[in-house]
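Next up: a single chain in structure tokens, the form predicted on its own.
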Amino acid sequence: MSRNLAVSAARIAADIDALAAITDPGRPWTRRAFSDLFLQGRAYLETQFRAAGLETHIDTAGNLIGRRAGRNAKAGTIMLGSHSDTVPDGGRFDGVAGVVVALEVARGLKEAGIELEHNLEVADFLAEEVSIFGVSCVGSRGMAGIRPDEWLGREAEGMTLAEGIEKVGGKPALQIARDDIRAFLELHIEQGPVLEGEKLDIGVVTAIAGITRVEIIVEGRADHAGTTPMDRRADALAAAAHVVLAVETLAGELAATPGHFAATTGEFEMWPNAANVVPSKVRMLLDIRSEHRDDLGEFLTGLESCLEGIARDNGVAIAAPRLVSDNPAMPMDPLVMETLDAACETTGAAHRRMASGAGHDAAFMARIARAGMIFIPCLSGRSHAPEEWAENADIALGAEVLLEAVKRLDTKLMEQ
């Protein structure tokens, strides 16, 4: 479908290509937070921000901000953005597309001569991906005022996180929660196959799923693998296999109900891990993503019941699941979702509402502002891999949707 857009698809493609070229040449596309390559990418973005008429600075949390003042000094700020750092061997579009689209929205407003009541800010958040320090969403947590102080002492590659934030221009000792941001919008590739499969242009995100991780330990008994009869074993690995299948079954049942749910046995260790010894112990770490808190409770209750039966049937001991971490789901703002729906209708973008199974900066921005996200399709749902790909036409249409949403929000927020 041919569309006349107020944004430039060519500029979007040029920016994404330019950032993709700033990578470890042996590992495309790799530009990790706090690295020299990351700073080169930041320098490119800052140049483009200024060319778009934005005043730039690095805030205390280490985020790159481009600002365009609005007509009404008391109206506050509408912010758009994402992140330019990558995971190793991935990230040509993940995060990058959101930053580039936010920049293009600023360009589109400037070229159309549209002056907003609100300030407009474009943000490149620091270290959305899990960084060398083992933590993620460093910049958005800092902007929301909830980055744990103890994180600053984490060490990696000869520096602390505090020193890393200082390296990119931030001031880690001055964590300040923003109170002027009225709305936040983020575009991201879906990182899943739904939009492509349904031939849709846009996913309007309803919530960013909560992430809960639990540890399960199965205790059996080590025995000689050749001499111990099959019916006299307490094989921890055999029992653990039943646990993995129970996780898959329970998660599959909940995934078939309304709302996003997924559970993965992502880490797996066994002891003594020798070919001629019956396994005596297995440790598993489950990653559970839930849009609705009740689904998480139902899953954990069902899992505990299954564990009791598996332990009994296999002659092993299985402790109750140990909670390792628990971050509840973050719903997106109803007014922003309605505005994004309307923007899709105006631009002719086929759309649906959907939850995000992955974490994003928007989850932390939602703590201090009305927040919303849109997804665009990506090839085969692939992400965090060299094969990650999104069509430029899809990215440009997403930019057009955000541009329309910003204009609408500028009016609606003044009425609130």
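Each residue number is its position in the shown sequence, starting from 1. Small disclaimer: the values here were computed from a predicted structure and weren't measured.
There is another form of this protein, the form predicted in complex with another copy of the chain, and it is not shown here; the text below is about that form.
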Next on the checklist: For the three residues 222, 270 and 382, which mark the spot I'm curious about, does each lie within 4.5 Å of another copy of the chain in the predicted complex through at least one heavy atom?
Outcome noted: yes
Checklist entry - With another copy of the chain left out of view, which of 76, 172, 302, 192 would have a heavy atom within 4.5 Å of it in the predicted complex? => result 192
Item to check | Sole residue of 178, 213, 292, 154 within 4.5 Å of another copy of the chain in the predicted complex, by heavy atom | outcome: 213
Checklist entry - Using a 4.5 Å heavy atom cut-off, which stretch among 140 to 148, 281 to 289, 318 to 326, 332 to 340 contacts another copy of the chain in the predicted complex? => result 281 to 289
Next on the checklist: So, residue 199 and another copy of the chain: in the predicted complex, are they within 4.5 Å at any heavy atom pair?
Outcome noted: no
Next on the checklist: Would you classify residue 312 as touching another copy of the chain in the predicted complex, given a 4.5 Å non-hydrogen atom cut-off?
Outcome noted: no
Checklist entry - Does residue 263 reach another copy of the chain in the predicted complex, with heavy atoms at most 4.5 Å apart? => result yes
Next on the checklist: Contact with another copy of the chain in the predicted complex for residue 251, defined as at least one heavy atom pair within 4.5 Å: yes or no?
Outcome noted: yes
